[in-house]
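Encoded as structure tokens, the following chain is the form predicted on its own, with no partner shown.
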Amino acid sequence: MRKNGKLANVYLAAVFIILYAPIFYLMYYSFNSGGTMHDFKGFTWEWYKEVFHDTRLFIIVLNTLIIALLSAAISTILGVIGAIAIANVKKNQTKNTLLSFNNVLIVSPDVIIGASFLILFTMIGLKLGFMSVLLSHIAFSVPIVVIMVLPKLQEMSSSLIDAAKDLGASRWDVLSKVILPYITPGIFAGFFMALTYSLDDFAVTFFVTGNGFSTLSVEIYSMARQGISLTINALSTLIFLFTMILVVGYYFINQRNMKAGRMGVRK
């Protein structure tokens, strides 16, 4: 058993090294005064200063954050409504069908999704830009929220709802005071997952973005095509750190909710 445990730890460590080594390599050379991805000549903040002094890049970062926050918020609302609707379906066949439709955007290749949205927006005459990117991000984020929220709804005992109704609670009271508080961890998980997916998405955004509007993923791709620049390293490092802050923030929020739930059970 101990040998198996040690082998598992070694395997896990090797996986993390393979995954994170390229990221740390990129971060390391973001401080290289030599301006190349080899032969580290000295420490400098020059590339980070270029990032912060680039007004166009600041606008793109702002666009990315607005898109991510708006799409995450709207998709969380729609996803919670969808998850509750699916959970309340009586027939298993109908429920499985709805879940299958929900999972289509998750399992479909991003290139196909992006091309489909591009054709749709072209057909209806929607100008490519902020609105097209926002609608696309909402569309592929809603199924993610549904998947995160639905297990919490299935985990919840129906006796809680029956007890609330017996005590005279209205439908709104049941929803706002029983169901939503119980599935709050799933809602937060769905929101942060949608936010992360929106920040990281490139393929779909590349298809539906238009002239005069861009997001960080598309901008980094454009910068990389022009040649090696350590400004890309600095920008990528900042994005990675921001994502880590989101993950850590979600972890602490989740831990606090779990502690609050345990305290409630004890009372």
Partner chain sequence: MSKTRNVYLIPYVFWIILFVAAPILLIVYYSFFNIEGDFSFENYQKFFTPVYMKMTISSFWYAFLITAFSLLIAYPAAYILTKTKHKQLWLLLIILPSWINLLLKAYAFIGIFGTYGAANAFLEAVGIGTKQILFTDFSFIFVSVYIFIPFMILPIYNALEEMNPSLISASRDLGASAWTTFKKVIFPLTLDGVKSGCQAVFIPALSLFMLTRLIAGNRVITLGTAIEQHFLVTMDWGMGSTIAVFLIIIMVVIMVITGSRKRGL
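Numbering follows the first chain given and starts at 1. Please read all numbers here as calculations on a predicted model, not as lab measurements.
The discussion below concerns the form predicted in complex with the partner chain, not included here.
For the options R56, K41, R225, K49, the one in contact with the partner chain in the predicted bound form, meaning a heavy atom within 4.5 Å, is R225. A heavy atom within 4.5 Å of the partner chain in the predicted bound form is found for one listed residue only; from A73, M156, V178, L98, this is L98. Contact annotation: S236 falls within 4.5 Å of the partner chain in the predicted bound form, judged by heavy atom distances. Not displayed here, the partner chain is kept clear of K127 by more than 4.5 Å at the level of heavy atoms in the predicted bound form.
Interface membership of G168, defined by any non-hydrogen atom within 4.5 Å of the partner chain in the predicted bound form, is ruled out. In the predicted bound form, T122 approaches the partner chain with a heavy atom inside 4.5 Å. The partner is not shown here, but in the predicted bound form the stretch 98 to 113 reaches within 4.5 angstroms of the partner chain through a heavy atom at L98, F101, N102, N103, V104, L105, I106, V107, S108, P109, V111, I112.
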